[in-house]
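The chain below stands alone and is given in structure tokens; this is the form predicted on its own.
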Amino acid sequence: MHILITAGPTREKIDPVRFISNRSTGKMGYAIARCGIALGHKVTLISGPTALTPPDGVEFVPVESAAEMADAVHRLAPNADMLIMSAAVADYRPAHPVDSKMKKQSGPLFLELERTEDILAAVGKNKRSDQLLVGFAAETEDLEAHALDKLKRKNLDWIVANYVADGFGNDTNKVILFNSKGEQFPIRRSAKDDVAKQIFEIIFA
């Protein structure tokens, strides 16, 4: 199979030295990419900025912003058999980024934000019947309810859900997979490479 994977955070520019981002390290997505290669699949990895080395054998596509990730996904998704969207894409970006460094002012600074494209929803809307779409949901509360809602709204085949504290910044993860029937498959806390292996085993069982 040709598997397209997204990983890592995005950075949304405020000025030439500042940006909005999140705590994603990309470790889970890179582990999934390594596992895909080990299983003999062709893997394309679209990654936001991380401190990680791309796994040997992947086609690597580096991006920075949500818009760049959206462009890469829309360009490459039509040729993929399976899409695993593990990236933590920013939901908002500064509405008016500036080209020169902003100087400190007296008093508060108000930053206007605008929505970024919902890449996962767009892929779900346009996916072929023979494509398999896997999304991720990192939540701080009501994990099952939020994951199942996202699964349905975005036309996913599977969703991998975890609490933020279980995965972000860690070398281990604890997740629950939900399929389109609402069935759940928990994976106990393990190294992220082991979690990736179990994700593939459950989906292809």
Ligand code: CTP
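All residue numbers are counted from 1 along the displayed sequence. Being a predicted model, the structure only gives us computed values, none of them experimental.
The form predicted in complex with the named molecule is left out here; the points below concern that form.
Inset, instruction - Could you confirm whether residue 136 comes within 4.5 Å of the named molecule in the predicted complex, counting heavy atoms only? - result: Heavy-atom contact with the named molecule at 4.5 Å: present for residue 136.
Inset, instruction - Could you confirm whether residue 154 comes within 4.5 Å of the named molecule in the predicted complex, counting heavy atoms only? - result: Yes, residue 154 lies within 4.5 Å of the named molecule in the predicted complex.
Legend entry - is_contact(residue 80, the named molecule) in the predicted complex, heavy atom dist at most 4.5 Å: Looking in the predicted complex, residue contacts with the named molecule do not include residue 80, since no heavy atom lies within 4.5 Å.
Legend entry - the named molecule contact at residue 71 in the predicted complex, heavy atom, 4.5 Å: Answer no; every heavy atom of residue 71 is more than 4.5 Å from the named molecule in the predicted complex.
Inset, instruction - Sequence order please: the residues of 60-95 with a heavy atom within 4.5 Å of the named molecule in the predicted complex. - result: Residues within 4.5 Å: 85, 86, 87, 89, 90, 91.
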